[in-house]
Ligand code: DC
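Just one chain follows, in the form predicted alone, and it is written as structure tokens.
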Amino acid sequence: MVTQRKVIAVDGLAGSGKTSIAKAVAARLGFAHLNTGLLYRSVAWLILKYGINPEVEAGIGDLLRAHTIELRLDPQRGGRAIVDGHDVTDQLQKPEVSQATSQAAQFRTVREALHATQRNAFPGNNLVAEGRDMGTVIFPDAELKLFIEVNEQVRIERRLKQLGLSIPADEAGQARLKEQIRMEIIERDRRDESRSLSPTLAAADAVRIDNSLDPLEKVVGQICSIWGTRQASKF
């Protein structure tokens, strides 16, 4: 059984900046940072390693039953992805892993296999938990639920930076690359928002946070202020 602890649930679509925000809020409050995306990326990493089709649920189910995936708390109070006893965290940011993650995460077999791992992560620690369905499915009783929003252009720029892609020198090349990223974001959003199981939607009681223009420190300060006010209201 999980001991009672405080949970801040942070949800948002890809490229919203929720990971940076969650990590910084956790550091400010002294909470552990639960990046649930590491679990789904670990599934994708296994899929690619063993040549499984990421769009066929049955094969993925067999794969998950044959391997173990867990999160371990590191000294910075973040998570490390452990697959079959080996730390694979540093191998999870490749573009092909991102693509397979989005494809596989739509399946009930995958999401249900990871539910308990998420809910039971880092026992005894207060959490800032971030992902796609933290406030709606994994931690529906979280004391604070956030949904991070950002405009399209900012998401494109962040995605380019995340992928480490070289920007073409000519304007036409830049435009083509940005349009490619834009279409990838649109397709990923469509999958995340429209899937029948655990779609990425703001919880009814979530606080919406615009992360388009303000510096990270200001956004983190805003969230910590909201958290402090809610805690003070209990007394």
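Quick caveat: nothing in here was measured; it's all calculated off a predicted structure. Numbers for residues come from their place in the sequence shown, where the first is 1.
A second form of this protein, the form predicted in complex with the ligand, is not displayed here; the remarks below concern that form.
Mapping the unseen interface onto this chain, residue 41 counts among the residues with a heavy atom inside 4.5 Å of the ligand in the model of the complex. Not displayed here, the ligand is approached by residue 134 to within 4.5 Å at the level of heavy atoms in the model of the complex.
Interface residue remark: residue 111 is counted as part of the site for the ligand in the model of the complex, having a heavy atom within 4.5 Å. For the chain shown alone, residue 81 is not a contact residue for the ligand in the model of the complex, no non-hydrogen atom being within 4.5 angstroms. Scanning 195, 28, 178, 49 against the ligand in the model of the complex with a 4.5 Å heavy atom cut-off leaves one residue, 195. Note on the interface: of 151-159, 81-89, 67-75, 125-133, the segment with non-hydrogen atoms within 4.5 angstroms of the ligand in the model of the complex is 125-133.
Looking at 105-122, the residues that come within 4.5 Å of the ligand in the model of the complex, counting any heavy atom, are 105, 111, 118.
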